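Coming up are structure 1 and structure 2: the same protein chain in two forms, each one given alone as structure tokens.
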Structure 1
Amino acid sequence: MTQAEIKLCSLLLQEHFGEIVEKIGVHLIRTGSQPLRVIAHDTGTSLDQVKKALCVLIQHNLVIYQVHKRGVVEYEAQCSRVLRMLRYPRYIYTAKTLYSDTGELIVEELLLNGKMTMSAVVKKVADRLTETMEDGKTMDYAEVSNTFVRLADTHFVQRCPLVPATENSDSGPPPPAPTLVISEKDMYLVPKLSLIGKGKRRRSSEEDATGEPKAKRPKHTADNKEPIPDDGIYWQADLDRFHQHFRDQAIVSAVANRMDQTSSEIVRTMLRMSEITTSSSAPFTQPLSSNEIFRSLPVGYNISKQVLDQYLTLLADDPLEFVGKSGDSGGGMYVINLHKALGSLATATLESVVQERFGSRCARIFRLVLQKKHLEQKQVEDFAMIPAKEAKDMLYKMLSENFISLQEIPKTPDHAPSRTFYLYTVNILSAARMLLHRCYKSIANLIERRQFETKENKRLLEKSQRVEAIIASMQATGAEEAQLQEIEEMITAPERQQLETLKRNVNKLDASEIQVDETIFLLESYIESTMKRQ
């Protein structure tokens, strides 16, 4: 765990959950697993506050617990899960793209609350969608429920582990902490709920949904609540499934850039066929026959079987080897080499960074060393056709930044420089790790800059919000245009310009965060895939 990652985790926890949760979370990240009282003592926080902070972190899957042999419960932070909070906007946008506004709000509610029952999600989403609709229109619970089922069927949401029924029996004293389990077949099993109703609009705080003032409401209504039909069955967003979708999109986009749209559509079809059959960590997809691929192509995609076979042959012969041929049955069996694809994407990212930082001639040297694997300095000068002084300068610059590495091969045991070969090489895994570390630092800097910009203009933002609230309440009571204009003029022209500048800067910083996170995702996926193969 590097300092850059710890700092970024600290910023994310503080931004989402506040100072106390951030203090407990960062302490666990730094120290590893610890029992409750040790956490309270080391952080100087009261036991009650530590318990509440741990409840929040466990609810959002940011901390796990385990019971040791002596019966002590220890808590351990999940740093990689904390860093996933960076990607929340991307998860939500993906759900919107695939399942419209309803899917977007379902995933948003699950990410904001950590774990929720299906009935609670459906009701909350229906209410939120009803709020945005025209007067007189409402959102049916059944419609939201159908979208939830589709998300579960495609594994974008999954059930949380439960306490097994045997543990609830009165056979002895309860364990210090429950053991949560769930079987693979139940993970995406949606309970049969007959949710009947429509979303409700929020009324004024003085009235309930029936229009009765609060004072007249009978006090015994709270005791007459119906039992929740899916009580105890909680759901969460399956982030690994989202990552699989992001990886597939990156591969399809790379194929489209390298070849053409038809090739990318064939690869997309193969990936879609392999979504459920291939685990997200597998180096290859399951073999697919040419006939199966032809039958699964999107409706209206008019290419003949012969043209498809030509495209598949072309993809299999491509030097990048995204698609490989694994047999000749069924018109030819084809797989997508996911590990090779991620390696190519990570390498392309490194090349791009070298070009932006050091210029096109350095990028030429970098690509040359990548291609030839090992080169002496003289060979680099000759192959790249760059003068010796410039080539040496560029090589040392990239060497100092850890983009390339130097390997010594001595002719004699004494390692004398005159009798040693010095070969330049690119260790992609090591360079990817270095670049990933820099990306974490960049995102932490972007978040700090955004917080600074907001803090500097805090007074102006508060004034703007007050003015907007006054205008909204006056519009609701049917105020005249002249009165609204008068309220708007409370913010002067220079202040309005300052607000516009702030909005533009914050939007730019947010967009930069998302772009850097895309690079982080590619590098993390490549490193994880490589480590699993070793």
Structure 2
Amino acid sequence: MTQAEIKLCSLLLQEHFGEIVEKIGVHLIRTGSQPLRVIAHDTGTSLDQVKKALCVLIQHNLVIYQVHKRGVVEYEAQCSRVLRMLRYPRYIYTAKTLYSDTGELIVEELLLNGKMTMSAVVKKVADRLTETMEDGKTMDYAEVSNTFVRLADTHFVQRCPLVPATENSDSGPPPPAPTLVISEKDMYLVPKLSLIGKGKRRRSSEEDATGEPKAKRPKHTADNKEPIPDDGIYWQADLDRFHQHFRDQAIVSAVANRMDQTSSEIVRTMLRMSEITTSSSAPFTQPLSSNEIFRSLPVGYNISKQVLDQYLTLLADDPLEFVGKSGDSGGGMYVINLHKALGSLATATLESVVQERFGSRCARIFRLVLQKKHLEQKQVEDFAMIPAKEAKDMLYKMLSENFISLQEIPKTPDHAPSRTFYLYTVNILSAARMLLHRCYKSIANLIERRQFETKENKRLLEKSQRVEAIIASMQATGAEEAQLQEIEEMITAPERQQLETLKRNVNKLDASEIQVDETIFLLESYIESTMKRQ
């Protein structure tokens, strides 16, 4: 765990769960797994607060526990899972694009609460949707429940490990902690629930303001007393499945950029066909015959079988090797080389970072070294066709920033510089790691800057919130236009301007966080996939 990662974890925990949880979480990340008493002692926090903080962290799957010998329970933080909190907006947005508003709210609730039972999710989402609907309309539980089933079928949500049902026949003392088990086949099995009912509205002031008589609102029977049918079966968002989706999207858009829309559509079809059958960490998709691909192409996509075969041959011949040919049976078997694709995407990211940081001529040298694998300094100067002095300068700059590495090959055992080859090379894996580390640092810096900006303008922000609240309440009571304007003028013009600037800055910082995280995703996927193959 690098310092930059710990710093980022600390900022994220603090922003989402407050300072106490942050203290406990960071302590666990730093020290590894620890028992309860030791955590309380080392952090100087009261036992109760430690317990509550741990409950919060466990609820959100950020900490796991394990029973050791002699019944000691040790708690361990999941650092990489903490960093995933950066990506929450993207998960939610993806759910929206795939399963519309209902899907969005389901995933949002699961992420906000860590884990929930299906019945709780369905109720909550139906209530929330009902509140946004027009008066008199309500969201049916069954509809939300359908979307939930679809999310489970496509593996975007999964069951949490269960507490096994224990028979209390043995008289021995119960274990200090439950052992959670998950059965593979039940992972995505939705319990049979008969969720009947509709979303309920909160009696909000907005509604009263519209003057709707309360009797008009549909009445519901109180169904709170019933025992929960799916008690103990908790669900969580399967982040790996989301990552698989992001990866597929990145590959599709890369193909679209490199070739054309049609080829990207073919690749998209291939990826969709193997979505569920291929595990998210596999280096290749399952082989697919061209006939199968042809049958699965989206309806209304009018290309003939011949054209499809031509496209597939073209894709397989492409030097980037996104698509590979694995056999000739069934009109040709094709796979998508996921590992190669991630490698190409990571390399492209590195290239573009070099280009934006050091300029296009540096990027030329970088690509040259990348392509030729190992080059001596003299060769770099010659091949890049850049004056020797400038070329050296650029090469050294990239060397000192760790984008390019240097390999010494001594001719004699004494390593004398005059009798040694110095070969420049790009180690993509280590460069990717270095860049990833910088990304973590950038995001930590962005968050700190954002917090600083907000803190600086805290008083002003509070004031504007208060004024807005007053205006809202006055509108509700039907105040006159002049009165409202009077209150609005409580914020002076320069203050308004300051607020505008603040908002723009915060928006920019937030947007940067999201976009840096996309780079983080690419680099992490590449590193993970490379480490699995070694």
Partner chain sequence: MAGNKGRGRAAYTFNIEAVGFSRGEKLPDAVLKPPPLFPDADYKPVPLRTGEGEDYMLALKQELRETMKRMPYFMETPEEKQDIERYSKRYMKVYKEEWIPDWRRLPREMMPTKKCKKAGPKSKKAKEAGKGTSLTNTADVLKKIEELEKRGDGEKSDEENEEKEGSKEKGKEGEEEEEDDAAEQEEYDEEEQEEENDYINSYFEDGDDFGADSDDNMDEATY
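Quick caveat: nothing in here was measured; it's all calculated off a predicted structure. Residue numbering: sequential along structure 1, first residue numbered 1. By rigid core we mean the largest C-alpha set that fits within 1.5 Å across both forms.
### Task
Give me a 1 or a 2 for the form predicted alone.
Structure 1, which is the form predicted alone, differs in this respect from structure 2.
### Task
Inspect the rigid-core superposition and answer whether the C-alpha of E488 shifts by 2 angstroms or more between the two structures.
Yes, the C-alpha moves 2 Å or more.
### Message
Core superposed first: is there a CA shift of 2 Å or greater at G44 between the two structures?
### Response
No, its C-alpha moves less than 2 Å.
### Query
Hey, does S473 budge by 2 Å or more at the Cα between the two structures once the core is superposed?
Result for S473: yes, a 2 Å-plus shift.
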